[in-house]
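Just the one chain here, laid out as structure tokens, in the form predicted alone.
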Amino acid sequence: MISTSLVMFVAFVAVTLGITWWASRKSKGSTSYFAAGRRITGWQNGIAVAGDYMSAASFLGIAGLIAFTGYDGFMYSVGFLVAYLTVLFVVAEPLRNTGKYTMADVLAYRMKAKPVRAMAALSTLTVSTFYMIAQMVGAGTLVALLLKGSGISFQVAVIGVGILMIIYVVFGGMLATTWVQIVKAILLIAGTILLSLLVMAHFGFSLSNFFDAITQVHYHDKTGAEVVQNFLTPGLKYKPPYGPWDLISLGLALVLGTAGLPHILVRFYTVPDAKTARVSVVWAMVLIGGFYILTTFLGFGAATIVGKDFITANGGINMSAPLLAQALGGDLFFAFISAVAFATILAVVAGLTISASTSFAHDFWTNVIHHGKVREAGEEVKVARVTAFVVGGIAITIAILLGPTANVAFLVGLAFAVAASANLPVILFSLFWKRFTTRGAVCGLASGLFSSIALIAVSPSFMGVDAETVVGPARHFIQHAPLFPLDNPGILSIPLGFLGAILGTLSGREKTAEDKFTELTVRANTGLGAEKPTEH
């Protein structure tokens, strides 16, 4: 198994490094490096967006949650499934027409550039780091289990993935990242379809047999007693009194947070015009919708065919899908699915890294520190490459500290909450509220960002030692009752983000911002003056 796994891993890495080498020869200049020359087609960007979105949280985390908590785990995936409606109807077209490289370009169009870009860069780095940590944890768990006979530990696996993602971003830029995501999305969809078919073949392609098995899942509880559980019954994860509220909070974060995720938003700058941006969202919705429906078969298949006990003893919740592949297709299929998951992680962390480094270089370095003036050709790209090293190092360190037991879907849920609380309110108000001011944008970003982080810090996930989602070392150092009863802060932090933006705006007027609103509206809806494609 180790030799086959290594061959598949090395083959994928070789292909992606080849893509990076090819892209590095074409990524000349800021537009090519940050936005792939704005020449990505609708279907290409749609597949890349799907590849960016279908992360380790989806393939490993969601399948694991369904395998361990049944119906409640499936409800976790519903928010992911419908989230792109917000992107399609609200932000895709105006974002492409009004921005250049980052989300902050939209905010700075009619606001004072320095304060909004500084806060937007901080928010982008925070969201990207949360999301990236989840991918790193998934990568370390996966590679360490797959190659457990070779002496490769969780820590070494995390470091290896981090180095590869830095290579993609530093040398290949957005073009390399886009094609790595396209290759990964195709592999992931193919692997998920094949694994779902094998699950149904196990039950004779009978849905009634499949769901009968789901109603009688056998496992042992913490006391060692055998339990027979109906996994179609709600409440295994979201238990009263706060469980239903936690599910609502999570749903709000997922549905609203997608439209504020920096690594998703930057993808709309890679296409030539707003029409192509809308087309790419439709492609992404079809692929993402199909994928999340299929996670039902992966999760319930793992619960009924592999079993919670075996999964717990062989890598934990994040390994549910790969172990299901091993049970149904042997070591060869296990190696293939694990390689697909590995590809998933590499593609997503590359997208996260380039969005974070682009935001720092373009928003903070150029427009805050140097007042929008580029002192030498290629300076932004150089700064972005250095930032990629720093961001990658931080994500690697935190992932190692958290360890392999942190559920990746839970960690990504926190990233969505921060994005929904900080980024979405200011994007919406910038585009649709004439009176919105710089102070409102800064207050909205700050209140959403800091309230969500503060609520996460005092939630059961970090303070409750008996919570299922306790993260790594936190359970050893903090043993107090949680001050906030929900795992996901969205239900409170999202309104606080909107409230901060509203109160900040109402505290004073800004004539320049109001005067430029009509100009912004025309450009957002017509594309007049929008950035055009450039030749590679």
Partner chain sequence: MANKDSVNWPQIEKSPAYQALVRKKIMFIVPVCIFFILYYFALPVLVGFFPEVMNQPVWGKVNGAYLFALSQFFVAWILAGVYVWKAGQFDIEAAKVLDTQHGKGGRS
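Residue numbers count along the first chain shown, from 1. Note that the structure is predicted; figures quoted are calculated from it, not measured.
Quick note: we don't show the form predicted in complex with the partner chain, though the next part is all about it.
Asker: Is residue 191 near the partner chain? Define near as a heavy atom within 4.5 Å, in the predicted bound form.
Answerer: Answer no; every heavy atom of residue 191 is more than 4.5 Å from the partner chain in the predicted bound form.
Asker: Even though the partner chain is not shown here, does residue 255 get within 4.5 Å of it in the predicted bound form, heavy atoms only?
Answerer: Heavy-atom contact with the partner chain at 4.5 Å: present for residue 255.
Asker: Taking heavy atoms only, is residue 275 within 4.5 angstroms of the partner chain in the predicted bound form?
Answerer: Residue 275 belongs to the contact set for the partner chain.
Asker: Residue-level question: is residue 251 within 4.5 Å of the partner chain in the predicted bound form, judged on heavy atoms?
Answerer: Looking in the predicted bound form, residue contacts with the partner chain include residue 251, since a heavy atom lies within 4.5 Å.
Asker: When you measure heavy atoms, are 75, 245 and 532 every one within 4.5 angstroms of the partner chain in the predicted bound form?
Answerer: Judged in the predicted bound form, 75, 245 and 532 all sit within 4.5 Å of the partner chain.
Asker: Have a look at 454, 305, 200, 90 for me and say which one sits with a heavy atom within 4.5 Å of the partner chain in the predicted bound form.
Answerer: When the partner chain is considered in the predicted bound form, the option within 4.5 Å is 90.
Asker: Using heavy atoms only and a 4.5 Å cut-off, determine which of 330, 290, 378, 393 is in contact with the partner chain in the predicted bound form.
Answerer: Selected option: 290.
Asker: So if I measure heavy atom distances to the partner chain in the predicted bound form, which of the stretches 440-448, 128-136, 214-222, 158-166 falls within 4.5 Å?
Answerer: Of the options given, it is 214-222.
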